[in-house]
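Given next, in structure tokens, is a single chain: the form predicted on its own.
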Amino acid sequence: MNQSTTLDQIPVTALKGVGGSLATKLAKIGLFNLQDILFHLPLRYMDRTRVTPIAALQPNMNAVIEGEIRGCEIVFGKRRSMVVRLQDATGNITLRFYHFNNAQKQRLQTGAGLRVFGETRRGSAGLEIYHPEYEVLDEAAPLPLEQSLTPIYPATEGLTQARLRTLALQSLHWLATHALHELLPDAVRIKLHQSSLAEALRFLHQPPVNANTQLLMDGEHPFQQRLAFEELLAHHLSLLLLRRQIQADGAVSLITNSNLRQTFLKNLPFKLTKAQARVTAEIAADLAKPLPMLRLIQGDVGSGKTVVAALATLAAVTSGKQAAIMAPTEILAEQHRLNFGRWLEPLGIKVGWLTGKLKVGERRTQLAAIASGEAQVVIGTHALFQDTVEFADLGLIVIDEQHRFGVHQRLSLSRKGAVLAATSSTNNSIHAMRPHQLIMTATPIPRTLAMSAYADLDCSVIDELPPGRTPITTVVISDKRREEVIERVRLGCAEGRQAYWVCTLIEESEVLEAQAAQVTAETLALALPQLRIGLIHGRLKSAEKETIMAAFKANELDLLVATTVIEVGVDVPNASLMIIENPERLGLAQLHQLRGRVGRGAIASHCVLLYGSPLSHHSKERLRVMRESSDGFYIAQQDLQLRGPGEVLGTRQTGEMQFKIADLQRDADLLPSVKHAASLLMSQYPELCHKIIERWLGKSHVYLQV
């Protein structure tokens, strides 16, 4: 074996048939060297090692079949197609080609033997295979079957499966003579009874005929698990190194003035729950350290995270620092501005405000107050972190509903915060300081996901609702019974209660949503002339939204027709009925958030999910979960099973946390071992950490540089 050159040092152009053009295509999917190709693992496999009798075929099944052509003709239906009838000793099947030429028709003569591979589908006259791969059989020279399962690789335009298989096969030949470093220490591998890396890669690129096909298809084969473990470890290490990198810079200790804290608590119209008090103490202990706090607060809808964040801002202000609170939407930022203003301004603390929709003059005033330090607590949307915003001395960042920003933004905020802190003083010793970070979510995250996606954060859970809250009864009703639902709203409002009517649209368009909500409001006004009806949507100006919400909170409106802009942060204890139209269009987390706008007082509350028919299987499952449970963590777990980790974490669009072979849900049992191995590597084998990250995350791990 050539130990001097390792596979990660050999470029793809060393492979036969790879020139500059193909190398460019490979680079597009992150394949630069032979190690990259070996770690470009199959998504799934096809079994071409055996012939399946036609009678044994099932719909949506990939299979190899052999038979005799019993007929071939051109059929003129909606689309012109060539139809071939193939028969073996057990039955017959139709092969259909929409794209064909005369040469093909000449080869597919009645009486010829054919070997076919493809996926079966239901057709009008039984099973069909569209555009199968096929070979005409020659009795004098029988065709050998494949000797291993056929891998299907992640591909891109201009890269065929056949080409990727050839490159993987060539790379396996190089593996026989060149080194591939084992990066997991023997102490870890032996304890976990893991195979060698080379053995696992050979098997997964060319599974033998006798391989356990079901385990491979399910991603649960020991060789797949061996690689999934290392990939999960790479992601975990990348976040731990991020944490270490952030904390290496240090932070200013923030300690609350006890008298101010007592006054704050005394002015509240409620007492903190035990859970709130516990989490507040955990935050205070973090803030007192000369290390940047990195803490995630999870709390179900209505558990009282905002007041916990307000107590954290007191520590920043009384230590002479500024605090920034970032919310994902204008309406939630406005809600925070009202709450923080009500709590902090009586204490002499100036609350600033910055969103993208401020007028030029108002924005200039706010920017000046932030830059001078006059604004001690600054609330806003992502506009807070634009280049033009300069803080005088930023000591704490609070990010609300972090999943709405995506993982990448969460990671980049630390860097941005450090830059902002660095501009705050000419004192060189402050340049290295970072703001403390407090991250909040009302979308409970299953423990397995939290262990993976938030390995850089300490987690606190507010697992208790304030006293006096009543459970919400959820019912699922077809929109064919809309008149009954409207009558229910009339009766509820006649008793002095208030209600929400939420309109949803598939299109991600504020204009269309606003139009739909407008039409709904007009229709309900005709049906319920005795009610005071308000309308709120994303197209309204901030002042208009604020006026409408204030009127609703003051019980000057009976019914609020809204789009999903009211998903988070709106608190009206007298609102006890919520109608959600077309709930099948929303994910579980969003439905749970919307439902959380009622049940915030002592009144028995109801949520009506007014669905449109017909419902898909997934939609039925989502609505069943909502009807059966109001436990945010249970709902999050179900959401994970129905939609997958990327959707639940808000990372689907950002491209992060995308795995080659691991699956956070399937491989959850590996995570405790991954966590232990990561701790061991960080403390005893630090030189291996970056190599493991580089191997699995490649160039993409630069997003972790802060």
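Model, not experiment: these values are computed from the prediction. Note that residue numbering follows the sequence shown and begins at 1.
This protein has a second form, the form predicted in complex with a small molecule, left out of what is shown; the following refers to that one.
- For the three residues Q276, T306 and P466, a heavy atom within 4.5 Å of the small molecule turns up in the predicted complex in every case.
- Per the 4.5 Å heavy atom criterion, the small molecule in the predicted complex is contacted by stretch 263-271, the sole one of 247-255, 223-231, 137-145, 263-271.
- Among heavy atoms of D571, some come within 4.5 Å of the small molecule in the predicted complex.
- In the predicted complex, the small molecule sits beyond 4.5 Å of every heavy atom of D558.
- The small molecule is not drawn, but in the predicted complex it has no heavy atom within 4.5 Å of R337.
- The small molecule in the predicted complex comes within 4.5 Å of no heavy atom belonging to R622.
- Proximity to the small molecule in the predicted complex, taken as a non-hydrogen atom within 4.5 angstroms, holds for one residue of R600, R595, H235, H205, which is R600.
- Of the candidates D286, D300, E330, D456, D300 is the one whose heavy atoms come within 4.5 Å of the small molecule in the predicted complex; the others do not.
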